[in-house]
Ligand code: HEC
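Okay, here we've got a single chain as structure tokens, the form predicted on its own, with questions on binding and movement later.
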């Protein structure tokens, strides 16, 4: 894994060190932060690449209504496949405005989502990541922004294809994931990495 950037020690949620910033809920040395970021970024990029490819193919071959199947069926499958390919990690996509109840945030994910939203409100910028240490494992969170293609089924229902709106109502009667605008904070990809995996990588 080759990725530039070494970060200083963390204190609390946000800590400045030599002009650099880390985002986490625990102190840890720079080398460990970099390893966690490497694992998290690699997994996140793999998922986003696969999801984007599946979504583009579905839009091209099945149209906007058919593309909903990518989110309702394929997304969870792709997430699991990437986790299995990398090995020894767990991956989840979550948001306060989730569509699939399986993606509902737990208490720790709620903390991370709140951190991103609070920092965005106060600074106008979305932090690049967030790290937690919980019960012998690390959680790396990568924030997601709404892109143009996302608005097909996550935008303003009044502007969406009526067939898409109806299909979403059928599949997700308690859907929370609409009303977004381009560039909005959408949610996170959470990559859980056992501490043993990080320790082995430090050797």
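Numbering follows the first chain given and starts at 1. This structure is a prediction, so every number in the text was calculated from the model and none was measured.
Keep in mind that the form predicted together with the named molecule is not shown, yet the notes after this line are about it.
Engineer: Have a look at 38 to 46, 25 to 33, 143 to 151, 130 to 138 and name the one stretch with heavy atoms inside 4.5 Å of the named molecule in the model of the complex.
Structural biologist: Heavy-atom contact with the partner occurs in 143 to 151.
Engineer: Closest heavy atom of residue 83 to the named molecule in the model of the complex, within 4.5 Å or not?
Structural biologist: No - in the model of the complex, heavy atoms of residue 83 and the named molecule never come within 4.5 Å of each other.
Engineer: Counting only non-hydrogen atoms and a 4.5 angstroms cut-off, does residue 119 reach the named molecule in the model of the complex?
Structural biologist: No, residue 119 is distant from the partner.
Engineer: Taking 4.5 angstroms as the cut-off for heavy atoms, does residue 78 touch the named molecule in the model of the complex?
Structural biologist: No, no contact at 4.5 Å.
Engineer: Residue-level question: is residue 98 within 4.5 Å of the named molecule in the model of the complex, judged on heavy atoms?
Structural biologist: Flag for residue 98 set to yes.
Engineer: Should the three residues 64, 72 and 172 be counted as contacting the named molecule in the model of the complex, with contact defined as a heavy atom within 4.5 Å for each?
Structural biologist: Spot residues vs the named molecule: full contact, yes.
Engineer: Within 185 to 201, which residues come within 4.5 Å of the named molecule in the model of the complex, counting heavy atoms only?
Structural biologist: Only a single residue, 186, comes within 4.5 Å of the partner.
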